[in-house]
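The form predicted on its own is given below as one chain in structure tokens.
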């Protein structure tokens, strides 16, 4: 066993002891090979070797003024969303707007489909059971929740946690595109089919989309790599070694890419 793989094995064992039990007991072999809406291009599957998650994946050196600048831009997008209130054009069951939270200079951004009951109560994304699993996924990647950025396609809870319709997603898309443009992550992880289809403009199934890098180009011309994977709520419903293994394989690709990237200035 190589030194890098031995370190990874030790890391995974520590995660299991910490309760990160969505990782399979034996890692599966890597599979083979209103902002302007981003342009989408396909990217061939990555073949980077498995490496130990590095501390640099959890830090993105930025001057305090840059972090403050980006947060101010995100706050302005939220105020614009509240003024426009696109959710008033469709039926919602919400009491609070759940806009998004995290590091405005995050290297990794996660996008889900819509807030649920617990999120609606707190005004924070991913704090229910699915959010607890997402927290474990983030820790397994060698990251922490306060160093990533988390958002949803819809900013309000649909009635009975219904799946967002394409029309609802389209009404909220410009604000999400602005969030992506401002955070400018090194990797964007889409959680579930509604978020993936909106971001990539695809109608393919999740089984065909997940585990394969795609990329979008923001209105400012920045290329953002996108890794689709299953939504944590789906993982909870299908809590099998096979599903957990697929999710971990997807997240491993993100960790590998981050490890090969220099920290953003």
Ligand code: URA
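Every value quoted in this text rests on a predicted model; they were computed, and no experiment measured them. Positions refer to the first chain, counted from 1.
Beyond the structure shown, there is the form predicted together with the ligand, which is absent from this document and is the topic of what follows.
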Q) Would the ligand in the predicted bound form be within 4.5 angstroms of a non-hydrogen atom of every residue among 115, 125 and 231? A) yes
Q: Could you check which residue among 119, 178, 168, 103 gets a heavy atom within 4.5 Å of the ligand in the predicted bound form?
A: 119
Q. Thinking of the ligand in the predicted bound form, which stretch from 89 to 97, 169 to 177, 106 to 114, 136 to 144 has heavy atoms inside 4.5 Å of it?
A. 106 to 114
Q) Does the 4.5 Å heavy atom contact test between residue 190 and the ligand in the predicted bound form come out positive? A) no
Q) Are there residues in 135 to 156 with a heavy atom within 4.5 Å of the ligand in the predicted bound form, and which are they, in order? A) 152
